[in-house]
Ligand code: PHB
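Let's start with one chain on its own, the form predicted on its own, as structure tokens.
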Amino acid sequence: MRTQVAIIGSGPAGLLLSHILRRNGIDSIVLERQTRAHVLERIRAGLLEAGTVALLREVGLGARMDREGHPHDGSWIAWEGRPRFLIDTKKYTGKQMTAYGQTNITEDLFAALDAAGGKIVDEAANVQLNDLTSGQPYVTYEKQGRTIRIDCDYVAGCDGSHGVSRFAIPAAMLKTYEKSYPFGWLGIMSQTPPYPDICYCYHSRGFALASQRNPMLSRYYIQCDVDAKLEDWPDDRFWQEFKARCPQEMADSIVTGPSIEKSIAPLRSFVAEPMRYGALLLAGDAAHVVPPTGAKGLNLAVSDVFYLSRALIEFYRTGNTHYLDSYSDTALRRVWSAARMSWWLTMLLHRFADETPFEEKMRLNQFDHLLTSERAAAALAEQYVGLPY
């Protein structure tokens, strides 16, 4: 087989890249290890930056998002014993965030690619990337007892943090940066009307977050021990603990119900440099992971795809490799800004078991500074809504 761009992974990054390339006359094949049903069952992020919303509209994917998404002027922080604080993106940047689930975006992308005749290979086993620096790269995979080869010009590694793409870069060429946090997030999804605001709660019992997916789908999280077990957290215990970490008026308004999904996710920050090795270009979680506190993971994948699709379109239109050559440096500038903001919010809003009284006072002072400083509030809003591409 022959294509211009072989894309590894059918998450939002891989599908969006294929969609944009197809709209610009560039051929691609998407290889996915899992079934489509499995991909669509994955529950992920749901808060979109203004730039993500604008890009999805620009590439013809905005109709359902505009119909079903929930715009927000910002997100709230409810701090135990302090007034509430609004990360007011509308006031300070003129932009809104939009609650719209990653599963919905993935469904929209599959539908668009299917309608346009996009090439997606599900259940592609043992994917291997070959001759990435030779000028004649190719990818092989196995399916139904056959080994199939795809010759291509470039390989886009969009297969997540545990995929094969990043590991195709020689260890001597790759520098990684990582921080693991000593807790996780226990999250549940329920078919109940969500709390109307996205609200981060800081409490002496631990962090909590009220989020949403659509008018009848709620997403809630609490900070938990990193070794917590799902069987120790029946729904009743979760709701009791969640409400205990919220202000009373917020707790009273939460509509509870049976969970339809429950999971525990560890929190970590991870960045790999560079994001290019020969014909291989990484995007999304294959290159970086951020804690979900800042709602940056999906949005970073979209910004990577913006830079990568721009580079490939420029190359195939003009032969110019400027954007390809600068892809890693350009994308990483935005990645590190988002990683820093996500790290800062994580450190601000969570309880740490080994924290000293001095560190606790410093955290409280940081929040009080947000309450009283317009400039601090504006700086956070600018980063939270998403830096310009």
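Source: prediction; values computed, not measured. Numbering starts at 1 and runs along the sequence shown.
Here the subject shifts to the form predicted in complex with this ligand, a form of this protein not shown in this document.
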Exactly one of Y202, Y154, W185, F238 comes within 4.5 Å of this ligand in the model of the complex through a heavy atom, and that residue is W185
Interface check vs this ligand in the model of the complex: of Q223, S211, S309, S303, the one with a heavy atom inside 4.5 Å is S211
Is the gap between G69 and this ligand in the model of the complex 4.5 Å or less for some heavy atom pair?
no
Look up in the model of the complex whether G294 has a non-hydrogen atom within 4.5 angstroms of this ligand, and give yes or no. yes
Would L47 count as a contact of this ligand in the model of the complex, using a 4.5 angstroms cut-off between non-hydrogen atoms? yes
Check your understanding: Do R276 and this ligand come within 4.5 Å of each other in the model of the complex, heavy atoms counted?
Key -> no
The stretch from 76 to 84, 213 to 221, 130 to 138, 167 to 175 that lies within 4.5 Å of this ligand in the model of the complex, judged by heavy atoms, is 213 to 221
